[in-house]
Ligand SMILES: CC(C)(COP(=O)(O)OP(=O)(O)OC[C@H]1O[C@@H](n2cnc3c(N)ncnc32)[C@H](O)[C@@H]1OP(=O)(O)O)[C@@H](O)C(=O)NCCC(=O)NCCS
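Below sits a lone chain in structure tokens, taken as the form predicted on its own.
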Amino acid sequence: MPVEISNLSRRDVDQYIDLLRAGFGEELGQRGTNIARTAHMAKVLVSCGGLPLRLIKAVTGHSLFILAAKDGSHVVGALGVLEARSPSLIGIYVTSEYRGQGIAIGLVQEALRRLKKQGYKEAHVSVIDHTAQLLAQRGGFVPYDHTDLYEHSLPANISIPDGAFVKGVQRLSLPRHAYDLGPLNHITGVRVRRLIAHLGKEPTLAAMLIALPHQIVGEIQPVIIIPGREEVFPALLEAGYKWFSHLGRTLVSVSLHDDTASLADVLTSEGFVKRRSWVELRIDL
């Protein structure tokens, strides 16, 4: 019987979680992800024919679908797709005994076909190794950015430059995080803050702080407003330390892209350690 690709159903969730453990268990463990709660949430989201996901998309414009490659009733591969203004492919994995049969590229092609049918103009993917990058490029993706992830344990102390301070804002011209569902955050447990760091009256840096449920990590996504003012970054870090500690997180991560790579020296001087890197790719649909 040939392997078939279809939407993940509620009865497939346990096998899908096993795939996540096999493919991404180490990373999920480092982030303190509660796999049991993740499985429960997945079952809720795909229940009633995926009705909860359709409601989320109607309210926020964001959603998720998971493709499962199945040999009969056995899930042998999976790929998640986060739908947003610019959708992202995440978490592709095929069991070892089914590799080399074109299942991974088949999952990618089916995901892109569905996104194009829904009217999306482009899609993104992040890859952490050369094999995954080759797969993405076989599917038509082109590299456009590079990301380094730094981590530091909490609690932590930091020195703030004289004249620097941070203000919270409701609106900020930053790309919306894929899990930021706006009015539904209080239901999903996702916590988001948007901050701007000032040096005197001058805004210099901005950042989005994200705390996902069932994890021990809080994430800071910085944006440089004025190049050459990287020394103000510790003010944003301190705000992140306080907020994430209040939420019970024990790690803070900072993801730097090509346009924020100049902040790496600040992170290193503050004791952050670079944990991993990945390449960002995109495709026009």
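Note that the structure is a prediction, hence the values are computed from the model and not measured. Numbers for residues come from their place in the sequence shown, where the first is 1.
Heads up, the form predicted together with the ligand isn't pictured, but that's what we're talking about next.
Comment: 99 to 107 is the region of 193 to 201, 151 to 159, 209 to 217, 99 to 107 lying near the ligand in the predicted complex, near meaning a non-hydrogen atom within 4.5 Å. The closest heavy atom approach of Arg138 to the ligand in the predicted complex falls within 4.5 Å.
Within this chain, Val94 lines the site of the ligand in the predicted complex, having a heavy atom no more than 4.5 Å away. Contact check for Gln118: no non-hydrogen atom falls within 4.5 Å of the ligand in the predicted complex.
Taking the partner from the other structure, the ligand in the predicted complex has a heavy atom within 4.5 Å of a heavy atom of Thr131. With the partner omitted here, the residue from Leu82, Val166, Val75, Val127 that has a non-hydrogen atom within 4.5 angstroms of the ligand in the predicted complex is Val127.
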